[in-house]
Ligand code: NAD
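Quick setup: one chain, the form predicted alone, written in structure tokens, and binding and motion questions come after.
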């Protein structure tokens, strides 16, 4: 029997609630396959800081290092609680970025998927959505502006200033571009390269390296698009996209816009992959305003399980089963209050009820 070690980082806010539903799904998968999941819980984020004085404790690092995959909930505190944490120890700076750097998870996969049965969630017009939206955004995750050298101070004129460097070398660009091309080969063989080469020298180098890598994938059609034009195109004609590849900050912004065209980041799981490590997480935040109310939809957390099954454990069929089970709950007319308003014509259920319904369908 195979045994997979999975680090469970429930996180902050609604994280523990939606993580509980993800664990239910893992139990079903475990029961009907010749394998076991060893789930090791660890503190991570704002809750970890308040428990131990650090958002990424040494014990959590050890658990992550010894796991085949990591399932991570959203992190972040409300404004008041965040203000009581030193700036460099707040969850995003003190936990999330160090996790990415430690594991070198340089490739972020964010599927933007809206089957026709879920089209009612989108703010876009039906004629724009057409038969549905199905794309994947590939974002470089450990370079660029977020990881470049930073400096703050006061200049000779007595004015406060900040400097942040956007840094990439050609090897960093090549490896993420390869991921984009590989995904394109598995799908429609169309790759949109998102850049800003009319202004940024980093994008000029990015495009040069992409061009060099492209000769290894002659079957893939490359379509170049400026990032601001891509933002517009995502709203006006999202169906033109299949695989998009981009640097860190562009990916951060456009993938959130992807959640917007779906109707909610609550419908958007993600995978963060390195050469030997991976973690999976919802794209949305910790929603402290609704934490503890049992109304947050666990779709993106359970979807992250589906991505883990496929990408870390090579269980493609079970991954498909999980996606189908989740979508069937919506198709049967159920939703949670965070995704749908009263009067929307759906039956409102709680977080745990959504998870129970997914498990019921999956168990069949």
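The structure displayed is predicted, hence computed values, not measured ones. Positions refer to the first chain, counted from 1.
This next part talks about the form predicted in complex with the ligand, which is not shown.
Q: The ligand isn't shown here, but in the model of the complex which of 265, 271, 124, 103 has a heavy atom within 4.5 Å of it?
A: Filtering the options by heavy-atom distance leaves 265.
Q: From the list 228, 134, 164, 92, which entry has a heavy atom within 4.5 Å of the ligand in the model of the complex?
A: Filtering the options by heavy-atom distance leaves 92.
Q: Consider residue 75 of the chain shown here, and say whether it contacts the ligand in the model of the complex, taking contact as heavy atoms within 4.5 Å.
A: Looking in the model of the complex, residue contacts with the ligand include residue 75, since a heavy atom lies within 4.5 Å.
Q: Taking heavy atoms and a 4.5 Å cut-off, does residue 289 contact the ligand in the model of the complex?
A: Yes, contact at 4.5 Å.
Q: Taking the ligand as it sits in the model of the complex, is residue 96 in contact with it (heavy atom to heavy atom, 4.5 Å or less)?
A: It does: once the ligand is placed as it appears in the model of the complex, residue 96 has a heavy atom within 4.5 Å of it.
Q: Report whether the minimum heavy atom distance between residue 338 and the ligand in the model of the complex is within 4.5 Å.
A: Residue-level check for residue 338: yes, a contact with the ligand.
Q: Looking at heavy atoms inside 4.5 Å, which stretch does the ligand contact in the model of the complex, given the options 228 to 236, 212 to 220, 277 to 285, 169 to 177?
A: Heavy atoms within 4.5 Å of the ligand in the model of the complex occur in 277 to 285.
Q: Can you tell me which residues in 5 to 39 come within 4.5 angstroms of the ligand in the model of the complex, by heavy atoms?
A: Heavy-atom contacts within 4.5 Å come from 14 alone.
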